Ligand code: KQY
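The form predicted alone is given below as one chain in structure tokens.
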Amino acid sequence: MTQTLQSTPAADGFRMPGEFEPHDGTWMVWPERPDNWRLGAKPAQEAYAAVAAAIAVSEPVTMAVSRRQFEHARNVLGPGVRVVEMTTDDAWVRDTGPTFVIDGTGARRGVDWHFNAWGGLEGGLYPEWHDDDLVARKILEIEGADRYRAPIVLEGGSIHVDGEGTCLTTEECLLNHNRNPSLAREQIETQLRDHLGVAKVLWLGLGTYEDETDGHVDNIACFVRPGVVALHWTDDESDPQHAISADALRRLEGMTDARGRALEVHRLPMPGPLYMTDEEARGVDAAEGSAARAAGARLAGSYANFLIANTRLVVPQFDLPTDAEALSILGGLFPERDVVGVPGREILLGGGNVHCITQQLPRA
């Protein structure tokens, strides 16, 4: 039986491991919401199934699925994917699932952050999020992991850690008034130290241009390993992304991590720019309070939104010339893993990509 703990992970000797550390598996949530996913979510479901299959070669995958979609998902997903029934509002387990933490004895617990659909009633992406706010607790029950209920609103895509005491995040997201308006930067840093077991927080400014999550760090920069960061980049100075990425590069090059190392930064090409087509927009059901899907809208595509699995790196692809360039760069950064591309556009149309729809279960 799991229990809700009144202490904090750091006080109990727990830390969030780097994504590149060993996993016992990966969690996902099946998409079906018609006011976010076009054509009844069928194209998105194909993409999710492809992502799950790519990860399952490397480690077990668990897919949480609604009662309505259980039989269909079970038929579509391969034998390497466990399917469990769960009620959710949408399919972004990086942000709704728990942040798992481990200690030196082999124990594993989870942090359950408050979730408000990326902004609540001030810019949030859908008007009801109660079921998504329960996802982390449900996953922890299934995994038999004790729970820390953190006192702040935070999504898993807004943080990246190196497993050695450093957290990377953005001011655009964590300092946004629609998350924790009563908390100053220093107070948020204290919560990150307490719940991630980190000693130092590195702040970037903005996230990827037009990212509807208010600038999640996992779409612009991530740790490849301690001391090494991959950065979303464009050389096109006329594109709004250039100034954002240039500012991130300046900050990263002027930073040291928790162990005093200067950061080595590698640039990943920006796909596109990418825009939603009229056909894609027309395939989404309109619903009051949900994020609009409009033809011509800029899509926040990024190759940095990948998942590091045990033996594989699973990377979104967009049928562009930059796909091969990104895979080549990442192959050099992850020589110990197979770098595998998966279809990314349908996931991007819903607002994120591979990293956003997965949550790693670190090895206990």
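What you are looking at is a predicted structure, and each value in this text was computed from that prediction instead of being measured. In case it trips you up, residue 1 is the first one in the sequence shown, and so on.
Beyond what is shown, the protein has a form predicted together with this ligand; the following relates to that form.
Highlighted residues Gly18, Glu164 and Asp257: none comes within 4.5 Å of this ligand in the predicted complex, counting any heavy atom. The chain is drawn here without this ligand; in the predicted complex, the stretch among 336-344, 18-26, 5-13, 349-357 whose residues come within 4.5 Å of it by any heavy atom is 349-357.
Residue-level contacts in the predicted complex: of Trp233, Phe100, Trp118, Tyr148, one residue has a heavy atom within 4.5 Å of this ligand, and it is Trp118. Taking Arg108, Arg193, Lys138, Arg293 one by one, only a single residue has any non-hydrogen atom within 4.5 Å of this ligand in the predicted complex, and it is Arg293. Contact check for Glu212: a heavy atom falls within 4.5 Å of this ligand in the predicted complex. In the predicted complex, this ligand sits within 4.5 Å of a heavy atom of Leu125. For the stretch 92-114, the set of residues having any non-hydrogen atom within 4.5 angstroms of this ligand in the predicted complex comprises Trp92, Asp95, in sequence order.
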